[in-house]
Every structure is written in structure tokens, then in C-alpha cells.
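Listed next as C-alpha cells is one chain, alone, in the form predicted on its own.
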Amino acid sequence: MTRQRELILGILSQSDRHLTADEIFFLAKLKMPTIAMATVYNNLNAMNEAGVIHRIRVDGGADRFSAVSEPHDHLLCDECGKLTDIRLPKLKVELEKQIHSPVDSYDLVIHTLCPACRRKK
């Protein structure tokens, strides 16, 4: 693994939230001032394709990235944008039962209000 990939993976692994490519670039630049934005994007794409990290597509917003590569789903707060992991281990099995076919992969983002935003309303 290249130094750039190790750095990006370290940033994602140490983060307590899902980061955008811009956020990852900013944090990487602090530790490796010569790193280019294109390098960050290229490495994020390659690591996502290799299954090392997970890309979460957010409609109307920047994609987010997570070092958690095992299957999981997400809760997205429509107010503050907080993205939280949620595990629904039996969902794939239920989907396969209903469609009578294997599911290769899926992405599920559940829109909600996080507890903090719900209290504000």
C-alpha cells in the first residue's frame, strides 16, 4: 500500500464520522503537504473499488467515505447532515426472499432526523 493510501486509510479509521473527499484532503494535507487533491480522489476511488473503504452516495451532497468496509446501512439526518452507521443483518436475506434472486450489493440510506435535531424542533 502506498504512503498516500496508508495516510487516507488512517484518516478514515481515526474519524468518528463519515468524511467527504475535501475533508480527507484537508486532513491529509496537514500530514503530507505535497499531496494533491487528484491523488486523494484517485486513491479513494481505487480503495472503494477494492473494498478497502466504503463510499456513501448522498443525494444533493458530497459523497462520504468510511473505513468500515463490511456491509452496513446508514441513517442520514435531513437537518444537519449527520450520517450514522446502522446494521440490518437480515435485510439482504429478506430482499433475496422477496425478489427470488441473489442480491449482489445494495446501498441503503434512511432519511430521518437525528436525536439532537429532533429535540430542537
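Being a predicted model, the structure only gives us computed values, none of them experimental. The numbering used is simple: start at 1 and walk along the sequence shown.
Keep in mind the form predicted in complex with another copy of the chain is missing from the figure; the text below concerns it.
For the candidate spot formed by 5, 14 and 71, no residue has a non-hydrogen atom within 4.5 angstroms of another copy of the chain in the model of the complex. A heavy atom within 4.5 Å of another copy of the chain in the model of the complex is found for exactly one of 58, 83, 67, 27: 58. Heavy atoms of residue 20 never reach within 4.5 Å of another copy of the chain in the model of the complex, leaving it off the interface. The shortest heavy atom separation between residue 9 and another copy of the chain in the model of the complex exceeds 4.5 Å. Among residues of the shown chain, residue 88 is one whose heavy atoms approach another copy of the chain to within 4.5 Å in the model of the complex. In the model of the complex, at least one heavy atom of residue 95 sits within 4.5 Å of a heavy atom of another copy of the chain.
Although another copy of the chain is not shown here, in the model of the complex the stretch 95-116 places heavy atoms of 95, 98, 99, 101, 102, 103, 104, 105, 106, 107, 108, 109, 110, 111, 112 within 4.5 Å of it, in sequence order.
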